[in-house]
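Okay, so here's just one chain, in structure tokens, the form predicted alone.
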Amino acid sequence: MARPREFDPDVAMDKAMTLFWDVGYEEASLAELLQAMEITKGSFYKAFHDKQSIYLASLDRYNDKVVSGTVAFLSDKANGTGRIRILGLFGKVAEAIEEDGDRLGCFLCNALVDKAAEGGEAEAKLQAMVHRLENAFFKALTDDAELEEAVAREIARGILSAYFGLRVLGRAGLSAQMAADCIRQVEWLLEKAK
């Protein structure tokens, strides 16, 4: 009879994701993963197989928890017009930066710099998340106004770039003034969508 697991896989996954989020794939050693996840080497290999597998699972977890939440917020018309939803998202990020520094930033942004250029499954997952966010901004824009698809797509990509920039600068200790300037640039892009 097999022994039951001595750890909660969801809790361990959250801890692994946080470590990868903070230090990146290469810098997260197996010893650091085991310590962060509070599991033994045998349990790690039995449950997760290898470091790459848990990294990919961490990306999936971030997609399910954070990216899906962001997409849901941008898609929910109960949160106001598309413009209000987009500015509300930027406001939430700026508020988090001001309140607690948001020094982890965005796992997706960090991973794009860390792993996307290497190709393979990690790059595919990262690109899929980027496209999900781009499409959520696009949908919010087109909820408010009838725009040519190419114009709406261009504006959505500009907003996505500002979003990633805000998240990266937050990790770097961005000032409240820089956040306000970033939001003003998004407002300028949204004016083009009228």
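All of these numbers come straight from a predicted model, not from anything done at the bench. Sequential numbering from 1, following the sequence displayed.
Although it is not shown, the form predicted in complex with a further copy of the same chain is what the next lines describe.
With the partner omitted here, the residue from V67, A36, A47, V168 that has a non-hydrogen atom within 4.5 angstroms of a further copy of the same chain in the model of the complex is V168. Proximity to a further copy of the same chain in the model of the complex, taken as a non-hydrogen atom within 4.5 angstroms, holds for one residue of A96, A72, I84, V113, which is V113.
Proximity to a further copy of the same chain in the model of the complex holds for none of I54, D60 and D144, with the criterion being a heavy atom within 4.5 Å. a further copy of the same chain is not drawn, but in the model of the complex it has no heavy atom within 4.5 Å of V11. Not displayed here, a further copy of the same chain is kept clear of R132 by more than 4.5 Å at the level of heavy atoms in the model of the complex. Heavy atoms of T40 never reach within 4.5 Å of a further copy of the same chain in the model of the complex, leaving it off the interface. Remark: D76 does not count among the residues lining a further copy of the same chain in the model of the complex, judged by a heavy atom distance of 4.5 Å or less. Along 159-181, these residues reach a heavy atom to within 4.5 Å of a further copy of the same chain in the model of the complex: L160, S161, A162, F164, G165, L166, V168, L169, R171, A172, G173, Q177, M178, D181.
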